[in-house]
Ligand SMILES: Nc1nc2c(ncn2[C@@H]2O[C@H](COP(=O)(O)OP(=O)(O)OP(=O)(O)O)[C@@H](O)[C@H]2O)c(=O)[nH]1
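Take a look at this single chain, the form predicted alone, given in structure tokens.
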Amino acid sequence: MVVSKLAHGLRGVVSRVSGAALVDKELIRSSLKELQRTLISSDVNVRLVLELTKSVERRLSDVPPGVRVKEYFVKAVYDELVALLGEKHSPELGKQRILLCGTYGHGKTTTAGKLAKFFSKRGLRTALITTDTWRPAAYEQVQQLAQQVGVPMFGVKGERDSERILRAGLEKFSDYDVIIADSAGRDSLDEDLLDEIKALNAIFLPEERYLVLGADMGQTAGRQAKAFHEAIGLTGVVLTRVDSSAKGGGALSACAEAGVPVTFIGTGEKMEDLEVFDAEKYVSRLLGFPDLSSLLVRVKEATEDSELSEEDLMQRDLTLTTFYKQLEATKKMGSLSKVMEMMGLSQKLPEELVEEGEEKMRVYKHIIDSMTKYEREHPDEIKKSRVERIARGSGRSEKEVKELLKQFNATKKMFSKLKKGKRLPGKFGALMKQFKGGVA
């Protein structure tokens, strides 16, 4: 996985202090300077950066008794970043209307599909309305997304009156729990766009009014958030391309400064790549700490139609049978890099290993298919003769069979540590208790 520039820089600062044998004033001073450079280069507003680092510095002048300076430094950086990026969003899981707005090129229509999946997966009858009469093939795109996520959609091909479409859609879906309206965009923010969204808002009377913005906008995201907020009173911003943008931190902080909370973040192209924004989880992942709660949500959603359960992942002894189920569920969970990131392991795995992971998993499944039930449940019993037979049966090499067993044993060891609450590999595991209220 290619770690974002912001995450790489922040992890470097934290690692520098947490791994130092002696933490003195000079190390703190230079580390704060590096923190400033990292945030500014990631497009976070200079004034906000200076306020953040001054706040960290003030906190370090009064370290509580019994707490090591290096641990308190990490805690202070964590807390200030969370405060900078805004509060956790708690979406309403009930009857509601959601209006999406924004300019072209930020993934507004794709976000409509992702939100439809998000709410329908939570048992709410959800429908999509497309009122985009400007963009060619907008109707077809929403139709395709609706089919993909399994919800109905409404639009009128060739109709130029977006208000008429919205009224008809509301009548059609009057008994639905969640109605999501995807509005038209423009190449840039202008008065025509704002007038149109005001008119749709007056007809739709939505409980939620979301602006969809690409995180690669950086600080300019705040200006758009402000303009749409003044027009219709936004209830939130959905930021897309957060993980792939070096300016993600800038966009997040800009929206918070504009007084419009970030509600969801898009982390990929798949329909499941949408997360409720939680500053604590986001900062934890930036710093390289595990996000096990998000991982378990992924597991739950990915395994609804499979035999793998949360208990398989976290509560029982790992066998090759369970390992096989994990491999089968991996495609539904998203890329291997995302799973590793949630476990706090992305910075510890060689990039080439993660890139090869998808192909290796396909090979591993073939090998496990060639094992007996006894071998799957007792992998320690797989010695030379069994390795030879499994290799022949799977059409793979003995080297690949041994590699699978080696990877399985490493995974088993890692999950054993997670279940027992022990420190994860790396320097940061011992600090996790600090982020659960251990230090004020």
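The structure presented is a predicted model; accordingly, all values stated were derived computationally and were not measured. Residue numbers here begin at 1 and follow the sequence given.
Form predicted together with the named molecule: not shown, discussed below.
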| remark: With the partner omitted here, the residue among 278, 196, 132, 216 that in the model of the complex has a heavy atom within 4.5 Å of the named molecule is 132
| said: By the heavy atom within 4.5 Å rule, which residue out of 224, 103, 263, 126 makes contact with the named molecule in the model of the complex? | reply: 103
| task | Look up in the model of the complex whether residue 109 has a non-hydrogen atom within 4.5 angstroms of the named molecule, and give yes or no. | result | yes
| With a 4.5 Å heavy atom cut-off, would you call residue 253 a contact of the named molecule in the model of the complex? | no
| message | Taking any heavy atom pair closer than or equal to 4.5 Å as contact, tell me whether residue 241 reaches the named molecule in the model of the complex. | response | yes
| Taking heavy atoms and a 4.5 Å cut-off, does residue 267 contact the named molecule in the model of the complex? | yes
| Hey, of 110-118, 363-371, 85-93, 201-209, which bit sits against the named molecule in the model of the complex at 4.5 Å between non-hydrogen atoms? | 110-118
| Which residues within 188-221 place at least one heavy atom within 4.5 Å of the named molecule in the model of the complex? | none
